[in-house]
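The data below hold one chain only, encoded as structure tokens and taken in the form predicted alone.
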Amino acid sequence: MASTSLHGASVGDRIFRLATTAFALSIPLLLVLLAIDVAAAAWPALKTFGVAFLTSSRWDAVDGVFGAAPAIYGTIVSSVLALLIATPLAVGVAIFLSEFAPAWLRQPVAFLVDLLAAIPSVVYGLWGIFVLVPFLRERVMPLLADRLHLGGTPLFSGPAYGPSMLAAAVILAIMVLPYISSVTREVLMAVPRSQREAALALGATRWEMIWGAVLPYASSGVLGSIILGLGRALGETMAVTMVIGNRHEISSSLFAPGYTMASLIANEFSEATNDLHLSALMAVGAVLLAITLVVNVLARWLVWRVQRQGQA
């Protein structure tokens, strides 16, 4: 009887192991199939235009000429500027929660910060249209251009439209902040207590301990959280589409409207009238997919690296 029970348990274990293995393998398989489908759909446009597809600024569906350089430029600039705005805030919040906040305050503040990630993108977009864009147009842009006398510089030249690269960067910064803060907080809490105690034992102040012992130890993980936030910013669609202005040209001014790869696809996919136009949009999606995968893989590797150091 016992032998039969053990045999049944062994069969059950094998079935469970096979089922979970199949579930685990289905995820990378789905990713591979997705990449193959996107690449196949993008190939006609890439074959027709070659490298010019990535370097040309002309996007003319009527003449069948497509160049994605402004969308690539807008994606990179808006995402990097968003990180420059969000990273100090996110890292500061993470340090406060992991090192200074009392126990009764830590969880409520962490919950409220993480709650920013749960707000739908379209809600951010609506808030951007009715609150952020008017505020930037009436207060921030005149302040930068006139009162601070930065209007003569390329970054802050031109009229203050409102919908602009700056508006997209600000709204992206708010959206990526909870991701950077959450991962950074976990990385800082994974730093061994001995690192802190050793610095304090040598006479370091609380801030010197954080700056000289905790942050250097967790630097790979913090960098990974920033890159993870970059991956989130690269693929954001709806909120950016609603505030960036959607102009297909490259401008050095942050006050000027722009385009991103995601907003280009969102705006034109329903209007693609021929196979080449559709293939060009899929090529933009393929470039965005490749960049996002590389960024996220790098971020996950850096976070895993610091967590392994903390367990050693």
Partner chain sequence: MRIRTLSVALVLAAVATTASAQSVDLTGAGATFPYPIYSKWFSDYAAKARVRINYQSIGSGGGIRQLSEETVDFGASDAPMSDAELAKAKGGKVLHFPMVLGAVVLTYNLPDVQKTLKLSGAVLGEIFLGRITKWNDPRIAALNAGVNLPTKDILVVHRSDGSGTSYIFTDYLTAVSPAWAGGPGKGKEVQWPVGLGGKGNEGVAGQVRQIAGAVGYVELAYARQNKLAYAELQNASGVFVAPTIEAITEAAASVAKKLEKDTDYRVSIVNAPGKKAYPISSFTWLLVYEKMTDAGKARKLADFIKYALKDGQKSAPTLDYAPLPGNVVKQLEQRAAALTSGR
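Residue numbers count along the first chain shown, from 1. Predicted model only: the values in this text are computed from it and were never measured.
The next section is about a form of this same protein that is not shown, the form predicted in complex with the partner chain.
Partner contact region in the model of the complex: 237 to 245, out of 99 to 107, 170 to 178, 222 to 230, 237 to 245, criterion any non-hydrogen atom within 4.5 Å of the partner chain.
Taking A41, A52, A35, I250 one by one, only a single residue has any non-hydrogen atom within 4.5 Å of the partner chain in the model of the complex, and it is A41.
Contact between F130 and the partner chain in the model of the complex is found at the 4.5 Å heavy atom cutoff. A residue is said to contact a partner when one of its heavy atoms sits within 4.5 Å of a partner heavy atom; G125 fails this definition for the partner chain in the model of the complex, lying far away.
Within this chain, L29 is remote from the site of the partner chain in the model of the complex, having no heavy atom within 4.5 Å. A residue is said to contact a partner when one of its heavy atoms sits within 4.5 Å of a partner heavy atom; Y161 meets this definition for the partner chain in the model of the complex. Contact check at 4.5 Å (heavy atoms) against the partner chain in the model of the complex: all three of P257, A266 and D275 pass. Residues of 41 to 59 lying near the partner chain in the model of the complex, listed in sequence order, are A41, S57, R58, W59, the criterion being any heavy atom within 4.5 Å.
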